[in-house]
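Just the one chain here, the form predicted alone, laid out as structure tokens.
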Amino acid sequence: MKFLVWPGDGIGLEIVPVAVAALEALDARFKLDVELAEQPIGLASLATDGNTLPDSSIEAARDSDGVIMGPVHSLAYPPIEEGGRSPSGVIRKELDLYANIRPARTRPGVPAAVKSMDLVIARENTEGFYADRSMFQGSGEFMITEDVATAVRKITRQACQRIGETACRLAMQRRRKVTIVTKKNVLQLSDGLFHDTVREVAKNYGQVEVDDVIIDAMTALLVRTPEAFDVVVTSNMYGDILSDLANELAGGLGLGGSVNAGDDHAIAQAVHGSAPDITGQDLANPTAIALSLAMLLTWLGDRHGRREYIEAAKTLEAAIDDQLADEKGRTKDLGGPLGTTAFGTELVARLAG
């Protein structure tokens, strides 16, 4: 299969090579028949092509089976008219990657703020309060006067149905519970549509238990009783915030893997950002991008009926768990002695068997 690699910005240039090395080790072990290609995006492609996400990169992603994408430093980009596209937002729209799947779980031996957590957040990825995803043309955020700014939020039944289906299918593979998170007591029309549509979808999954929680209460419950949740389904901004909270409680954003998936394409992309404050210091934790790769391999295995991809994903996640369980195998943010490169070297050695 064809894999496209986008290193991104900041620590992406350090952690993405670890994921690529892990993929190459799994390819040798499981005969995955991987074909790798790499392209710059972000600040690198801005310098060479005048755009942080050139059209050629979008087409390359469309022509690939899967993409490994490093974090991007969007705050450092120029305005859109000067080439400063948001790679994350643009590619999600262009490839219709409507489901952002973000697991969060405590891992043996890894310091965490909670005793036990094993949940997945199914975040709707193509609309909501994100200004670049709310309008057909232009931005959903605009100034009425120099003293008044407004933002448009879009919620559609189709998007709610798709993420509802995704959440219910995930639940059927796990503990068969879905929690819908909204603010429907205040945003009665938009969050009401999200809630009611997901509830309607869930009727087709009789074995799935469904409940709902208001977003502000959910932040408290994630701290107090995280073990109570299995699959959490919610809209774009709520999912973004809750997944950061959940991963931080489970051990840190350095453990936050995720996949952006649609019907035909998927991208492995860690939850965390480009961390310019530690860039180039060999301090970044590659765990999140490696876990994202495992999720991408699972998605590809399911979609293409490739059992070896699913086995490779399980092997990768098990190797990560084994390495993190040993304090000597962890990066410094988790109390271990390793830098980015050393962590990757040990992980690849474990994968090589």
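Position 1 is the first residue in the sequence shown; the rest follow in order. Please read all numbers here as calculations on a predicted model, not as lab measurements.
Same protein, other form: the form predicted together with a small molecule, not shown, and the subject of what follows.
Even though the small molecule is not shown here, does A275 get within 4.5 Å of it in the model of the complex, heavy atoms only?
-> Heavy-atom contact with the small molecule at 4.5 Å: present for A275.
Indicate whether the small molecule has at least one heavy atom within 4.5 Å of a heavy atom of T182 in the model of the complex.
-> Outside the cut-off, so no.
Wondering, does V120 line up within 4.5 Å of the small molecule in the model of the complex on heavy atoms?
-> V120: no, not in contact with the small molecule in the model of the complex.
With heavy atoms only and a cut-off of 4.5 Å, decide whether I267 touches the small molecule in the model of the complex.
-> Contact with the small molecule, no.
Would you mind picking the one in A250, V198, V72, V232 that has a heavy atom within 4.5 Å of the small molecule in the model of the complex?
-> It is V72 that has a heavy atom within 4.5 Å of the partner.
In the model of the complex, the residue from I80, M237, L283, A113 that sits within 4.5 Å of the small molecule by heavy atoms = Residue within 4.5 Å of the partner: L283.
Of these, 64-72, 304-312, 30-38, 318-326, which stretch puts a heavy atom within 4.5 angstroms of the small molecule in the model of the complex?
-> One stretch meets the cut-off, namely 64-72.
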